[in-house]
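As structure tokens, one chain now follows by itself in the form predicted alone.
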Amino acid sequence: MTTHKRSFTTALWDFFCSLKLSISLLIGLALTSIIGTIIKQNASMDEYQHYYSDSTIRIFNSLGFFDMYHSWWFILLLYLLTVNLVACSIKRLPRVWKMIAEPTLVMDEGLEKSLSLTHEFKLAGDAATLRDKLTAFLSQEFAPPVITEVDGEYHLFAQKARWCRLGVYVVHLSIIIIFIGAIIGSTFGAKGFVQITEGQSVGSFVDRYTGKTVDLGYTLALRQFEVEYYPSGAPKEYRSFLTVLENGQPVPGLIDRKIIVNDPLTYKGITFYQSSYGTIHQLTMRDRKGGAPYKIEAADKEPVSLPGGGFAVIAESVPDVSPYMPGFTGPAVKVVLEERNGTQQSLILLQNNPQFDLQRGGAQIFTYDGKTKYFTGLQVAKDPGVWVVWLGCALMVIGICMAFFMSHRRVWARISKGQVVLGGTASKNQPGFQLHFDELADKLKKL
């Protein structure tokens, strides 16, 4: 019974230490990341219904494809890769660490035969004199050696860049730290969206995952929004001028801070990304029988509730109506009215002809003031794990440099009765090290 348990434990340990498991998990993560690239993540159901059928939406939603990077199976892949990296490191690190911390100082015949680079030659002088000469030579040309005396023979050992052998484990550690940072961000962070109209401000946003309101801890105000267009009429660049307010006072350095796409604003761990924009139109509604006018502010294609029930939606807006309605000029909007009973009607409102809607004969008369304001749409991200991720990225760069661009080079020398044997090896770039080793041997022969 005990043997069976030990065998199962050993098999499980070998499974998690397997290089095949590492490759399989990396391929799996790469393939699933392609799914996350092809299928837009965290979009609204209305947007998904525009592209997919109801049955496809149900399947994708059950598989977590619409929020893939938070799905249980993607997180499981990350956990398995983490366990795999830890197991591989634990299994292989002791041998590598022993090579670094307890190097072989004596070049006996067995070690000499295992080395691919060796030179043997004679030098004048007794063993002690040659020891001192080789010590000074290696210290100047390579690295200070460790001297060991065995049975009247002197053994010198010198090495360079021994810590580069830990590069692969630094990379392993960096990946684990990046995963930890991602988990911290996923657990304690939040993502959402805010819409701010010119002259207005916000102090919170709704987390898209939990639906909870997240307090910013300060106020974000939009003073101005600007759009620059190409000659074709397509937007070239749009920018928001944001001001951060704490206790009603602007924060120095964050007054009218311009943000554009790929140039976000970050303050107290919360980042605001320029995402979208739109126009707010000002309408006025009056009752045909008299009474106070009612001011309406409506964005394009956004329904606005009307007093007494019903909705108004600005379906389209143009800066000049003359190409569409000869004889009329100036800005115009097309408004769709929906009554409480569901009936709809469309009307055209002209800024330069405020009495135009009188001809419709409705109970309410609408006019278009022509005044517009922009609103900005900002993606909001609160990620307390971002600095942990950056730390992991920095460690990964260091580890990659250690693992691929540095080489652990070792040189041994044995001195016995005027006979000197020089041997060496390198963990990487053996041909390059051979050139350097041959140069050392040529210089040493001339001592």
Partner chain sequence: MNALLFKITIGFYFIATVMYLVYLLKPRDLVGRLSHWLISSGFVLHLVFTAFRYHEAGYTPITNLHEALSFFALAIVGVFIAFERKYHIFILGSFVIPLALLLMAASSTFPSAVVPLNPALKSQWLLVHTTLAFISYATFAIAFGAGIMYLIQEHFLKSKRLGAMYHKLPSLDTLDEINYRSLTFGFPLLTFAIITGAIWAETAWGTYWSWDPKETWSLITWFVYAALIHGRLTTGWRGRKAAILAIIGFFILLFTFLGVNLLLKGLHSYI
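Numbering follows the first chain given and starts at 1. We call the rigid core the largest set of C-alpha positions that still match within 1.5 Å between the two forms. Fair warning: this is a prediction, and the values are worked out from it, not measured in the lab.
A second form of this protein, the form predicted together with the partner chain, is not displayed here; the remarks below concern that form.
Of the candidates P264, P250, P103, P303, P264 is the one whose heavy atoms come within 4.5 Å of the partner chain in the model of the complex; the others do not. With the partner removed from view, the residue among I57, M406, C393, V421 that has a non-hydrogen atom within 4.5 Å of the partner chain in the model of the complex turns out to be C393.
The closest non-hydrogen atom of R131 lies beyond 4.5 Å of the partner chain in the model of the complex. In the model of the complex, the partner chain lies within 4.5 Å of some heavy atom of K236. The partner chain in the model of the complex is approached by Y69, whose closest heavy atom lies within 4.5 angstroms of it.
The partner chain in the model of the complex comes within 4.5 Å of a heavy atom belonging to S232. The stretch among 151-159, 211-219, 310-318, 256-264 whose residues place heavy atoms within 4.5 Å of the partner chain in the model of the complex is 256-264. Residues Q379, A381, D383, V386, V389, W390, C393, M396 of 371-396 are found to place at least one heavy atom within 4.5 Å of the partner chain in the model of the complex. The rigid-core alignment places the CA of V261 2 Å or more apart between the shown form and the other one.
With the core superposed, P384 shows a C-alpha displacement below 2 Å between the shown form and the other one. Core-superposed comparison between the shown form and the other one: the Cα of I75 travels 2 Å or more.
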